Ligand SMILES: Cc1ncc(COP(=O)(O)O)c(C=O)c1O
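Next up is one chain by itself, shown in structure tokens, the form predicted on its own.
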Amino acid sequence: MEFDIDRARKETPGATKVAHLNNAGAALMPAKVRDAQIRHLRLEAEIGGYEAADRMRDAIEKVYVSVGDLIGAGDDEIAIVENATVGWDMAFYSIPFKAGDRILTSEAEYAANYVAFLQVAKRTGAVIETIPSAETGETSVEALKRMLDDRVKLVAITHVPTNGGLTNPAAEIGAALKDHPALYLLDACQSVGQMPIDVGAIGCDMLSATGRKYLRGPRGIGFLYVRHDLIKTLEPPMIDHYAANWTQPDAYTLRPDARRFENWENNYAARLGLGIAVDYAREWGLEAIQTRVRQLAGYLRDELRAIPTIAVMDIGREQSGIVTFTKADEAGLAVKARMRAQGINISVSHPGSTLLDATRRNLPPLIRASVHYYNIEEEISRLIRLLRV
């Protein structure tokens, strides 16, 4: 069935104002998502924040169901948090590492995650090891299998890295870990909303994601999935009286569900916006979204390769909607500024974002154009024309 691009753009107010090719940063919100947040903010202004949350309780609770349905999880396995990093950190710092425990991660791991590895290694004596990449660029599952032993406590992978275009083989990694006691934490910050995600099929124990990127939700909201049987074994690094009940002067009891990773005070407007964004994505269909994104990204890569001064830096057997490249005669930040002046949003990914991959491949700052289903070929063609200058 043909993708209804006219409807997608009509329902995206920003599509008429800018060529937005920075969806891996923050996508343009649909009108439905914007309006849901504004309605709730107005309600808070009219009747009070606590009272507004009480009135919208059923809709707020439904967000957990929607997020769970999106990734094939139960609503009790979902925590809604301030952002994906908070979700990832709450999961990671709940794991009781000790000296000699091994943390296995990918060569394209994101800086926010890797500095947490370094901190925990410094505190506990745990060891960080990098899984080699396959010749095509993605994390090598065969190399992972050879590295597994009884000291491996955690395998933490970024599903779609911030640059490089690749999609790591999340389900193949899950299959390799099926009979191993190591925990599997997947950073799905840039894959949720771009492609179908099923935590059961992937086999991950924990997954973090954001609202603002390919889900097209608000900034300042994200979620964490934790497998039901695992929840009761993890004590969050920080708790409050929402995550736990104060049962005696010297005792508390943690919640039995994933909300033990949340805290009391929340941005309910953003939560409602996230719920609408999730339902909107499912209305389009994640398979249809993935197909459309891949088509646009493929077209962009082909056009870029036809420019003599451009080098496309993407790797991986399976590539995402994130396209990264360099321009021999112009620095990345200069290209970004020039495009913004022409109404085109792109970004620059610096080596420090993926330091191991950048060092291994000797990468400079990379120009990043990340497409979504509401983008059109004419926007890409305009970017290409300007890059030829």
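Keep in mind that this is a model prediction, so the values were computed, not measured. Residues carry their position along the shown sequence, with the first being 1.
The form predicted in complex with this ligand exists for this protein as well; it is not shown, and the discussion that follows is about that form.
Thinking of this ligand in the predicted complex, which stretch from 122-130, 245-253, 175-183, 80-88 has heavy atoms inside 4.5 Å of it?
Selected range: 80-88.
Find the only residue in 284, 110, 93, 268 having a heavy atom within 4.5 Å of this ligand in the predicted complex.
Answer to the contact question: 110.
Would you kindly say which of 207, 277, 160, 192 lies with a heavy atom within 4.5 Å of this ligand in the predicted complex?
Spelling it out, the residue with a heavy atom inside the cut-off is 160.
Taking any heavy atom pair closer than or equal to 4.5 Å as contact, tell me whether residue 216 reaches this ligand in the predicted complex.
So residue 216 does not count as contacting this ligand.
Please tell me whether any heavy atom belonging to residue 212 falls inside 4.5 Å of a heavy atom of this ligand, as the geometry stands in the predicted complex.
Flag for residue 212 set to yes.
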